[in-house]
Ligand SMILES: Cc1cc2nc3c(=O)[nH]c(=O)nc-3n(C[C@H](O)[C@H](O)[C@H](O)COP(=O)(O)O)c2cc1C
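First, one chain by itself: the form predicted on its own, in structure tokens.
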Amino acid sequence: MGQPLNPDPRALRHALGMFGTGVTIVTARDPAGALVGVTASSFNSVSLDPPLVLWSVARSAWSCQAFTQARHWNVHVLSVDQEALSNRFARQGADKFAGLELEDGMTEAPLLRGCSARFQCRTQFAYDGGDHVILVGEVLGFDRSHHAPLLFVKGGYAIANPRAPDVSTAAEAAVEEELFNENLLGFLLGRAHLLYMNAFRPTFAQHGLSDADFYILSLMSLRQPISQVELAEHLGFTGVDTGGGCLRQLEGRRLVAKDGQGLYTLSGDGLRVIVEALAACKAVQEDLVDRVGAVEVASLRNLLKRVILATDPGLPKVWGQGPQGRPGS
């Protein structure tokens, strides 16, 4: 049974929150020339011919009068990397534009960088929308980038994840309940990891690196000097034996050095080797973005982080405070 008329505003907000939207920042200048901006999820397309878009600003917003009086305003569709920017423009009071690099646009309205798409608009109509004012604008110019868009749904940020087409057959569906099948999460994660690693193993082979060597040198590129005990704490989940064998081999090849206190650091050759190996990893990542798509890779990265958080038994943080309180780089 549906909610009665005049529902609780909080319940209505939660119900409306089930409708996912993009996240935008709308900017303009007030009559005195001061910059104004606000985060808005009410942006929508109205017409392609003529090109019209709309959004709504709360009457209670301190910038409402500035937007309703402005002749021009810009809509910025935020990318997944701009969550902090969204939060900044959702707050009141502080100078939201402090430290931001702006671009020159077609009008006097400020133009932000790094967005998924941008629309430079001229006000055409303003309508009464209850506790909001609905502004309709003509699109004077627009641009888009390869950055995946940021979404907002169920009261939180999200990432767009295009649904793959259903390729399963009746025969495949019949074996879905078997203990081992192609949809087993462990199989998918494991196979994806191995195939991904295989793409840059030729670089490992050029430098005579095993997977264990790569894990150790990668960690040391972030945290050094480091003890054998700390290496074991960080790499225990990989199954790498850091009991001394791998370290002694790396030391013998002069890729790492051990000081009088038993702490290990990368040598000059070790740093060169791991930089080249990590560059190969980055090249494989960029190739995957080209093959799969920036949106899909951003969504995959987000999902993997959630899986790691859900399964982490309490391992030390790699990108945290380094030894003696030094930030890990």
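Counting begins at 1, following the sequence as shown. Because the structure is a prediction, the values reported are computed rather than measured.
There is another form of the same protein, the form predicted in complex with the ligand; it is not shown, and what comes next is about it.
The contact with the ligand in the model of the complex, taken as any heavy atom within 4.5 Å, belongs to A61 out of L35, A294, A61, V46. Of the residues given (S56, S267, Q285, N302), S56 alone sits with a heavy atom within 4.5 Å of the ligand in the model of the complex. When the ligand is considered in the model of the complex, H146 lies well away from it, no heavy atom lying within 4.5 Å.
By the criterion of a heavy atom within 4.5 Å, F89 is counted among the residues contacting the ligand in the model of the complex.
In the model of the complex, the ligand sits within 4.5 Å of a heavy atom belonging to A40. A residue is said to contact a partner when one of its heavy atoms sits within 4.5 Å of a partner heavy atom; G99 fails this definition for the ligand in the model of the complex, lying far away.
With the ligand left out of view, the stretch that reaches within 4.5 Å of it through heavy atoms in the model of the complex is, among 89-97, 210-218, 252-260, 102-110, 89-97. Using a 4.5 Å cut-off on any heavy atom, none of the residues of 184-221 reaches the ligand in the model of the complex.
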